[in-house]
Structure formats: C-alpha cells, structure tokens
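A single chain comes next, written as structure tokens; it is the form predicted alone.
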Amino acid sequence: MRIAFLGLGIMGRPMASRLVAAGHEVSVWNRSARQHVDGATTAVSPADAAKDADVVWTCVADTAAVERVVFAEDGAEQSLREGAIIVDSSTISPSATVRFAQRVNTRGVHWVDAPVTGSKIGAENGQLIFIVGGAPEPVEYLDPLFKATGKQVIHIGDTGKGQAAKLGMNLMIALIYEGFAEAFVLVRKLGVDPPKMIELIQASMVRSGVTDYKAPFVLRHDYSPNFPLRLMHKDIHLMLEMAKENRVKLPALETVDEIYELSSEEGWDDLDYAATLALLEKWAGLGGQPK
C-alpha cells in the first residue's frame, strides 16, 4: 500500500520502519524536524506526504497536533483522495475524533482511530496492541498494516470508541502505578528491602503488568522515557475533560493529577511517567532525584 506516516516520535518512527520492512511504499513527515526513515521518502509537509496515499497514518502528541497535520493549510486533507483512510494512533479526545471523522467523511474518506498500547519496546518489536474504533470495512482493509506493526487488534466499536477505551486503559495504568509507588515508598521508609518487596508483589494477587514492566526501571532509578510523563499528564487531562463532559466523577484521578502537576514543576516532563515515584521519595526524605 501507499502510506503517508505523519509523526516520527518514540512510537511513530519504529512503526513507520516496520511498514517499510513489510514492503509498503511509505512517505514520512515529522513536525519538529525532518527525520529520515530508511527505505521511506521524506516529505516536506503532511499534504506532500499524503499525495496519492491509500492510508494516511498519524501518530502525534495530542488533539491539536492531529488537527494541525490533517486540517492545516498544508495538512493531509488537501491531498486526500476519495476512498482513502486516515488511521490515527495518537491518543486524543474521543469527541474531537468524531468531529474529525465527520469532516473527512464528506470527502468520501474513512477515519479509523487506532491508539496503541505496548510502549516503546512494543513499537520496536512489532508487539503493539491496537485499540480500534471505526467502520468494519476500513478496519478490515488495514489488517495487513496492523499485523506488520503489532500483535493484536481489538475492534472496540464505531468511531471514537478506540480513543475512549484507550483513555480508560491509561486511567487504570496511572492509578495502578500510583498505588504501587505509594506502597513502595512507604515500605522502603519502614526498612523493607526494595527487591524483596518486588518479589512479594510478583508472587501475590497484586501483581500487574504495570508493575512487572516498571519494577526493573524503578529499582535502578532509571526514568528514561518509554512513555513520557508529559504525555501521560496530557492523557490525564483528557480523561478529566471527558469525565466533566459526561458528568462522571474521578476523585482518585484528580489526586493523581496533582502528583503529575508537581512532577512537571520539578522539570520531569520528558522523563518516564514512572518518575512520579521519585517525588514521593523526595517528600519521604529518601532522595528522589531521578537519573
């Protein structure tokens, strides 16, 4: 297929590379700097990348960035042909996703929201899980591309439902990790050996994929970004906005948001979100300066 891939960040770059490796004709564009992907054509704008594309794939930071790369004066919309598919693997507002889809639908273009879970390692190894919203026909058409970049596709429902489910996933991740972080700091202050605490967690019913993934990094105080704190914080704001829009209370998440606000003030936006644990360590007098 002819694919325009817009956004070459932590997730987008390895995804685009895997599409090239699978034999697709890929044109890439990145907002912050022109980046090269071996085997792909480097475009000068989203509109340039999208010329003659069967699929326009976006993987950018937030709702505003998606709107910009698709609908700006030099956006992909200018080059969309009838029957093309926009697949968005950013994590953005579900309600904005529906609006964007309605706009391109008038041009005979399909919109599929396909945010991912699996983090940086999953993107590099083709082990992403796609959380998909959209009509069955374009989702089925995209299946070879999903298989080239991931291990599983879960079709949640119609347009916007993939984004809604992704926010629910990330809400759970934020709360699970915060519970782990608070317990970890408390028992460390009480003199429990950190590796022994991890051993106990992994042997018991409180074990989770979140703690399994993050524990080795936490033990090394290594907060190099797999999922940057600023992006999780952005998602938390999206969750709270959607909750307000739909009259849902999220009291635990409101408290966690305060931790992220303070971590951001520490200058840790570009570290992994796991660095929120270091803030608790700092308050407890246990150091708390991430590497």
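These numbers come from a predicted model, not from an experiment. Residue numbers here begin at 1 and follow the sequence given.
Unshown form predicted in complex with a small molecule; subsequent notes refer to it.
Among 49-57, 254-262, 23-31, 240-248, which stretch has residues with heavy atoms no more than 4.5 Å from the small molecule in the predicted complex? This holds for exactly one stretch, 23-31.
So, in the predicted complex, is S119 in contact with the small molecule at a 4.5 angstroms heavy atom limit? So S119 counts as contacting the small molecule.
Can you tell me if T97 lies within 4.5 angstroms of the small molecule in the predicted complex, counting non-hydrogen atoms only? No - in the predicted complex, heavy atoms of T97 and the small molecule never come within 4.5 Å of each other.
With heavy atoms only and a cut-off of 4.5 Å, decide whether I236 touches the small molecule in the predicted complex. No, I236 sits far enough from the small molecule in the predicted complex that none of its heavy atoms falls within 4.5 Å.
Counting only non-hydrogen atoms and a 4.5 angstroms cut-off, does S224 reach the small molecule in the predicted complex? So S224 does not count as contacting the small molecule.
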